[in-house]
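Okay, here we've got a single chain as C-alpha cells, the form predicted alone, with questions on binding and movement later.
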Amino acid sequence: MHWYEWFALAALAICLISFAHHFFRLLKLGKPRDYSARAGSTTRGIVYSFTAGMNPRNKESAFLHLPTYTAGVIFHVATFLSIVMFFLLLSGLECSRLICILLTLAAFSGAAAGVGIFIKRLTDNKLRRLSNPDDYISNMLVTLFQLFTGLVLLNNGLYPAYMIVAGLLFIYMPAGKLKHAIYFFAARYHLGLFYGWRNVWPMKKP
C-alpha cells in the first residue's frame, strides 16, 4: 500500500472517529421533553419528515428555487456514489464498463452541480451575505472529490492525486458544515417529532 493510500485511510479513520463521537453525543442527549398536550402521531411525523417532507413542494421556499434544489439533489447523490466508489477503488475491485461509465457521468454531473452552486453562492447577493468561508471550502472540497472520482475512472494515473483529494475531504468533514452528514438525520428526526406531536405533520391536503 502506498503512502497516499495510507493518508486517505488515516483521514477516513479520523473522520469516522469524530462522527462516532457526534453520533453518541446525540444519543446521550436523548429526546426533548414536550410539555404540551399530544395532538398527533410522532411516528407518522417522523416518517413524513424523511419522505414527503423532503419534497420541495412541501418546504417553505424550496419550491421557489427548483433548479437550485435539483442541483443540490444531484450534488448529494453524486457525493454518496463517489464515496462508494472510493471504497471500491481502494479495495481494487473493478466494475463493469457500463457501471464505470454511469459512475463517471454521475461524478461529473455532481461536480458540475457543485460548480453551479459555488457560482450562485458567489454571485447572489443574499447567499453571499449568508455565506462564510466554511461554505465555500466545503463546496469546493466535495466538488473536487467528485471531479477526481470521475477523472480517475477515466485515467488510473490520477489515482495518487485522487487519494490525496479524498484524504483532504475526510480530514475536513468533521471540522466544518460537512458533519451535517450526521446531524441531518437528527434534525429531520426532531422536526418530525416536534410537528408530529402537534399534528402539523403529515401535512393535510386542502
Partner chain sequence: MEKITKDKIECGLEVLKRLQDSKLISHLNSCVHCGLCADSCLYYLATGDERMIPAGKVDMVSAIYRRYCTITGKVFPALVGARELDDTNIREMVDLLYGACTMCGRCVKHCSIGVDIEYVIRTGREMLAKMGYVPESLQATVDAALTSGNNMAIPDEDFLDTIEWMEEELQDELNDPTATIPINQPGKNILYTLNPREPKFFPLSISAMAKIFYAAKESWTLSTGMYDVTNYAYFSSHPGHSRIIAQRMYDELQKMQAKKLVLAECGHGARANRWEGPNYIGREFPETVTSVELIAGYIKSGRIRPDRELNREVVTLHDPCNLVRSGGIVKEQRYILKNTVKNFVEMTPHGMDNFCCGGGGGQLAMSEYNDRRIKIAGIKAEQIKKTGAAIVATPCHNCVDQLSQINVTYRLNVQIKTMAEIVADSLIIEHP
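No experiment lies behind these values; they were computed from the predicted model shown. Residue numbers count along the first chain shown, from 1.
Below, we turn to the form predicted in complex with its partner chain, even though it does not appear here.
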Distance check, Leu127 to its partner chain in the predicted bound form, heavy atom within 4.5 Å: yes
Its partner chain contact in the predicted bound form: Ala175, any heavy atom under 4.5 Å: yes
is_contact(Arg44, its partner chain) in the predicted bound form, heavy atom dist at most 4.5 Å: no
Interface membership of Glu94, its partner chain in the predicted bound form, 4.5 Å heavy atom rule: no
Members of 179-193 lying within 4.5 angstroms of its partner chain, judged by heavy atom, in the predicted bound form: Lys179, His180, Tyr183, Phe184, Ala186, Ala187, Arg188, His190, Leu191
